[in-house]
Each structure stands twice: as structure tokens, then as C-alpha cells.
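In C-alpha cells, one chain follows: the form predicted on its own.
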């Protein structure tokens, strides 16, 4: 798809530049592909990363600043969805780094996990996660998450669909 293409959601056409951009972070290729498909089905643009470190690089916070997809020339990330359990940097560590950075702290972060651990959920929410969702993610979860997405200059504020 080029930058002038569009997607149709219901009866409403969404231009490429107006589509929310989601960064999906998960060490599991299968889980990344599932989440990518769910968000794409909800008219979102999706970028994936296999680790917290790669996600930080894409957000312009890692060692390689040239891969920043959140800079002024490129599309802005509207939502980060990260797995909690990943080798190296956990989803919780990624959440903390995002919320500590003045450049990207406003980006909503959703943490997902296959493990229902109340203390872990509470810790993530206290650190600033918008939501903590148990895997497997479903299409209804993705629709609910659209309320958390920040939109670029074309659409100011947040858009709530599917609630």
C-alpha cells in the first residue's frame, strides 16, 4: 500500500495517513503475526518488533537513532502493544522506559500476557499501562483499544470506536 491508499472499515473509508499506527512488540513470531492481523483488520497500520530493545530503537530511544519511526518525517506511533514476558527487556521494562522518556511518554502502552498474575497486572497499571490484557488477543479487544490510540495531526484527540 502506498501513502495515498485507503482502507474501508464498515461504510467509512480511512485514508492511509489517518490510520492509527500500532507498534506490536512480542518475541513470539506467531503472536506478532496474530496481533498484526487483528490490528490490520481494524484499519490500523502496524509495525512489529521482536524485542523491547528493537521497539525502543523504532521509537528513537535506542542506540540506533536512525531507525526512529516516530520522528517528524515518518509516521507517528499512536499505540504500543507489548508482551510482558520477553527475554532481555521485559514488557514491563519497555513500559517504564517509554513512560520515563519526555519524547514518547504520551504514547499509550498496552501490556499483554498469557499469565494472569494480579501483582504483575497491578504493577504495570501503576507504572502507566493503559490496559493489561490476557492473551490470546481477540478482535473485540482490539476494537476496545482504539479509544487509547492517539491520532496524528489529521485527527486531533482520541477516537473511540467499538465501545
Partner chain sequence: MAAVIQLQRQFIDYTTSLYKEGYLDDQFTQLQKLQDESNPDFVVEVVSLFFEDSEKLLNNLATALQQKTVDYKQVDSHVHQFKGSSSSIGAQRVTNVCVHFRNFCEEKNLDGCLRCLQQAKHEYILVRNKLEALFRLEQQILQAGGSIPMME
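Numbering follows the first chain given and starts at 1. None of the values given here were measured: they were computed from a predicted structure.
Not on display, but discussed next: the form predicted together with its partner chain.
Site annotation in the predicted bound form: the residue of 127, 57, 31, 131 reaching within 4.5 Å of its partner chain with a heavy atom is 31. In the predicted bound form, residue 137 approaches its partner chain with a heavy atom inside 4.5 Å. Contact check for residue 49: no non-hydrogen atom falls within 4.5 Å of its partner chain in the predicted bound form. Using a 4.5 Å cutoff between non-hydrogen atoms, residue 85 counts as a contact of its partner chain in the predicted bound form. When its partner chain is considered in the predicted bound form, residue 114 lines it closely, a heavy atom lying within 4.5 Å. Residues 33, 34, 37, 38, 41 are the members of 32-52 with a non-hydrogen atom no more than 4.5 angstroms from its partner chain in the predicted bound form.
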